[in-house]
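As structure tokens, one chain now follows by itself in the form predicted alone.
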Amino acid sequence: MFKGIFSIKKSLPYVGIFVTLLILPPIIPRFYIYILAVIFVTALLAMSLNMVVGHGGLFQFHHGAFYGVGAYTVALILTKTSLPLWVGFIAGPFAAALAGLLIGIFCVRLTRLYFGMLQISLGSLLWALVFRWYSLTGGDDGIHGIPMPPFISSQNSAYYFILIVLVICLIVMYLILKSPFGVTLRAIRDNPERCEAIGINVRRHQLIGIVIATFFAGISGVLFVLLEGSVFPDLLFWVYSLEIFIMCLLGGWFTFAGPIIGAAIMVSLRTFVGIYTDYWTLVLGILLILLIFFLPEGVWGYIVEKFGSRAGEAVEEENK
């Protein structure tokens, strides 16, 4: 069934990366393990956004709102109820997908910039609700001290859990984008009028794409709570959504692995440049200007185009 999608030759580099990430915790300092885990969580969030932006052509400007919904759902279940952990882990992505469905129903009626502006407005309502509802969400203080079971309470165990979930999600995303639905979604991105003319229900496909993307954003929010043990309303603020957007731009919109590269660059800049100066965003701004002029296809897109790496060619070919 998956013979045409996966091949041993093409998969070997990714297997090597996965094995390397598995053996790192006993070798490198704890600080770098934490940074890698943050990159994993952020990469999954950026990948989920790229499903509807890069592959679907939708102006999903407030994707962080669904990330926050997933995070707050699991946080509230674990702190306000006696339900088991797995209930919260399952409820988080489904709550984010439900929010994506409700907001998407209104947004898909509009196109391009109007779609994005309406989504920012509706997503900001979610942020305001979380920010103001002190009795439930803790308001601007957020929720802290979220209990975790022993098997994922240590840094290394949380790292391994996040890594395994990330790999599973990436495989599922890849299969979705390789499926007829994924091909149709890219066709709608390139020419929605022609797709509608040949009988494709454009709005339905866009709405399904939004629900799928927000589901994975909810998973990322759950992993954030697992890693940090806390949650705060800034996760739902539109500025954070802009950061996710920039990650996709840095890595490459129309590639599969690009958002992972972009997330790694963004987290590394914020962490390591921030050690020396509070103006790390200035460095990011300069980097973006250079990127727009010299690497308009993003870092991974440039690698694919100029060096023709086998993994990059495989990713680029399935997105043409």
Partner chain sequence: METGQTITFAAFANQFLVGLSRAMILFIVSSGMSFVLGVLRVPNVAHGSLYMIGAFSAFSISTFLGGGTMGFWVALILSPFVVALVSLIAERALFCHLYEREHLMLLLFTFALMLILGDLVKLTWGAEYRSFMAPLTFRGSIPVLGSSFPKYNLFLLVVGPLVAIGLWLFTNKTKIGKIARAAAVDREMVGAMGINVSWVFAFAFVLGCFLAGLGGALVAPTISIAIGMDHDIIMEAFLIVTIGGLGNMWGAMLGSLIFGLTLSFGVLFLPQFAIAFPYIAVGVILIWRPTGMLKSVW
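Numbering follows the first chain given and starts at 1. Quick caveat: nothing in here was measured; it's all calculated off a predicted structure.
Same protein, other form: the form predicted in complex with its partner chain, not shown, and the subject of what follows.
**OP:** Answer for Gly16 alone: is it within 4.5 Å of its partner chain in the model of the complex, judged on heavy atom distances?
**Re:** Although its partner chain is absent here, Gly16 would stay clear of it in the model of the complex, with no heavy atoms inside 4.5 Å.
Original post:
Wondering, does Trp280 line up within 4.5 Å of its partner chain in the model of the complex on heavy atoms?
Top reply: So Trp280 counts as contacting its partner chain.
Original post:
Heavy atoms within 4.5 Å of its partner chain in the model of the complex: does Leu129 have any?
Top reply: Leu129: contacts its partner chain in the model of the complex.
Subject >> Ile146: touches its partner chain in the model of the complex, heavy atom cutoff 4.5 angstroms >> reply: Looking in the model of the complex, residue contacts with its partner chain do not include Ile146, since no heavy atom lies within 4.5 Å.
**OP:** Would you check whether its partner chain, in the model of the complex, lies within 4.5 angstroms of a non-hydrogen atom from each of Ala37, Tyr159 and Ala264?
**Re:** Checked in the model of the complex: no contact with its partner chain for any of the three.
**OP:** Would you kindly say which of Ala197, Leu83, Leu113, Ile168 lies with a heavy atom within 4.5 Å of its partner chain in the model of the complex?
**Re:** Only one option qualifies, and that one is Leu113.
Subject >> Of Met173, Leu76, Ile246, Val211, the one that lies within 4.5 Å of its partner chain in the model of the complex (heavy atoms) >> reply: By the 4.5 Å criterion, the partner-contacting residue is Ile246.
**OP:** Go through 237-245, 222-230, 84-92, 188-196 and give me the stretch that gets within 4.5 Å of its partner chain in the model of the complex, heavy atoms only.
**Re:** Result for this chain: 237-245.
Original post:
Counting only heavy atoms, which residues in 101-125 are within 4.5 Å of its partner chain in the model of the complex?
Top reply: Residues within 4.5 Å: Phe106, Arg109, Leu110, Leu113, Tyr114, Met117, Leu118, Ile120, Ser121, Leu122, Ser124, Leu125.
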